[in-house]
Ligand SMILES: C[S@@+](CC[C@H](N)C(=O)[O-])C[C@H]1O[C@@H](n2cnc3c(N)ncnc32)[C@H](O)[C@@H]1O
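Quick setup: one chain, the form predicted alone, written in structure tokens, and binding and motion questions come after.
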């Protein structure tokens, strides 16, 4: 059992080294239906990016991250391979690792190993919306890391974070890896950190955030398959949202009548990804009792991916009330890991440059 602060108890795991809390039972289908009804009825149609990541979508995205051109995953893995032990060196003893959207946790293994090397028995708490995918990966981690206790939480990020105060009483390093922070505009990202994440942490807890950096458009286009409207893997991932509507809500989307539309908006520093209707068409979603009209060329917004420069990152921390303690970069300086601490924003960080 993991060591804890005096007077505090670690989560009970019984005879195994993992357990799950499912916070989606009874409301996941209602939430999905509500979000789809609202998004497809909006003047600018949209599907929330979280709904791309059911079990099928998560596996498709994992395949995208293995693409040699998808530099965010490769750069982040490079940073963790070089600096994982340095990242954890300054953490308090008995630090628990909490990860938002853990996916397969391939990169996280580097930090988990560093923490286990430093402190022995370690608590890992992955939070992911895809329950089947999370359970598969938790069971695999439990076999590979006998010194881990794993508390898997099936939920969206913010619902999952709401249980931390009751479940984890030790110091926390929260991971927000990948490019997820880029899905919101920079002001909204600061608000998410300040209003949704920091309240679940204690003074002195830390947050390690992966942030993609501004660079020339060419490697960004390659990474996201832009314009590449018919790039098959990314097209399949984006169309997974339509297939999910058909399967779970009785929709009659024909994916061949939609085209993937993606580009880098240099003025705003963001990738924009949509599905474009190739003709005038109507789509009925039986569970909603609604029919939606699409004009030829009409777009369904799927996600943005904002890129940051150094000033953007400093402003992000300041606006969120976090202190930026240290940064690490890949050799090309295309990507960054940023270690924030909960407390008063203070001095400039020490950056580990390539």
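Residue numbers count along the first chain shown, from 1. Note that the coordinates shown come from a computational prediction; the quantities given were computed from them, not determined experimentally.
There is another form of this protein, the form predicted together with the ligand, and it is not shown here; the text below is about that form.
With the partner omitted here, the residue from 50, 305, 313, 285 that has a non-hydrogen atom within 4.5 angstroms of the ligand in the predicted bound form is 50.
Between the ligand and the residues 251, 225, 182, 178, the one pair within 4.5 Å by heavy atoms in the predicted bound form involves 178.
Not displayed here, the ligand is kept clear of residue 32 by more than 4.5 Å at the level of heavy atoms in the predicted bound form.
Residue contact with the ligand in the predicted bound form: residue 61 places a heavy atom within 4.5 Å of it.
Proximity of residue 208 to the ligand in the predicted bound form: non-hydrogen atoms within 4.5 Å are absent; the residue sits far from the partner.
Although the partner is absent from this view, residue 157 contacts the ligand in the predicted bound form, with a non-hydrogen atom inside 4.5 angstroms. Of the stretches 125 to 133, 84 to 92, 258 to 266, 109 to 117, only 125 to 133 has residues with a heavy atom within 4.5 Å of the ligand in the predicted bound form.
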